[in-house]
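Below, in structure tokens: the form predicted alone, a single chain.
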């Protein structure tokens, strides 16, 4: 990095909030994906004005800028692929306002998801999206990737709760979008445009979120299925039965075997295990929904249906689902967690096809995910030092994406595109759509300095 740029950055944020030390740059070179690239420096801005000054400097010198939260991205979104500056937003971590009477909160992007939940708990409210990385992931990253999670079947994803944003543009100008109202149709919806844009259009510095009252009653149950397709058929029926579970999760037989190898849970090694949660404001409401779900499960040969009778029992039932990823990551030296979504009616078919792809390519693909909204996470576990196996893995991943798109699905339900899926974007989006997205990127970021290389937007 040029000395004058280095000094200018320290003048903006203070010497203690700048680094170009090798040990730090190595840390900033990767996220939770397989991708790596070292930046030239990193800064921790403290406020919007500092972010604006950094962007003006970056525009002047043509420096790439990669916004970063907790680095939990599974697609390379936070990897500084073109070097330049990492803009670590983790120290902009204040909850600026909790307005229960307006059912909203205003936060900085570095606020950790779970910290917001803890702050809302005394008021009896919560922020419904529930990403698996919520203990560490930041709200700026959640907005940037439109994060979802276990509660998506009933409560939706991040975009359903973002009312407004403050965004620093590539040239350092500051844009405010949306409003503090529950509804607004005034002008173009810039808020939705930035949600899920992965830092390619601007740097989010303030977020206004809608919040919900917490349900007072929760019921949980699990069930086993000899065949994975039976679990898919049960889910499809549950979601058209007139109820909306708050969570509807599953793990397949490969996940169950892996959990048994690493724990003493002694789970049945069957085709799939289903996890159902219903919630509401009375026990009667919650129990009615659960009874309907169990009827559907039984009609599709669900077995060993177990209902929790206490929060402690519920937490125990969830153990297998919550432990799955950590266990799978220890099976070999490389794991890729993919993220495709299909219409709910096609769930049984895609589960079967993922198994077929796994068998044909002789690649281990344990699958888990959020069946309630059709979002799957095929987890490809393999030896990344084996060139032949790596080639088979790449073929399998391409086929999974192709199958999902053929079923009117999408490349990603919650992880985003990043670097991982950039080359597959034309599978889902036609030439006109890709050109329009690229033109929007150029309009907002004419010098291509905001998180360049991501989402396949560059022509």
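Numbering follows the first chain given and starts at 1. The structure presented is a predicted model; accordingly, all values stated were derived computationally and were not measured.
The form predicted in complex with a further copy of the same chain is left out here; the points below concern that form.
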| request: Answer for residue 183 alone: is it within 4.5 Å of a further copy of the same chain in the predicted complex, judged on heavy atom distances? | output: yes
| message | Residue-level question: is residue 330 within 4.5 Å of a further copy of the same chain in the predicted complex, judged on heavy atoms? | response | no
| Just to confirm, residue 437 within 4.5 Å of a further copy of the same chain in the predicted complex by heavy atoms? | yes
| said: Can you work out whether residue 240 and a further copy of the same chain are in contact in the predicted complex, taking contact to mean some heavy atom pair no more than 4.5 Å apart? | reply: yes
| Candidate spot 373, 412 and 425, all three touching a further copy of the same chain in the predicted complex (heavy atom, 4.5 Å) | yes
| query | So which of 309, 385, 282, 306 gets a non-hydrogen atom within 4.5 Å of a further copy of the same chain in the predicted complex? | reply | 282
| remark: With the partner omitted here, the residue among 271, 134, 196, 83 that in the predicted complex has a heavy atom within 4.5 Å of a further copy of the same chain is 196
| remark: Assert contact_stretch over 62-70, 413-421, 48-56, 22-30 against a further copy of the same chain in the predicted complex, heavy atom within 4.5 Å, equals 413-421
| request: Can you tell me which bits of 127-161 touch a further copy of the same chain in the predicted complex, meaning any heavy atom within 4.5 Å? | output: 145, 146, 148, 149, 153, 157, 159, 160
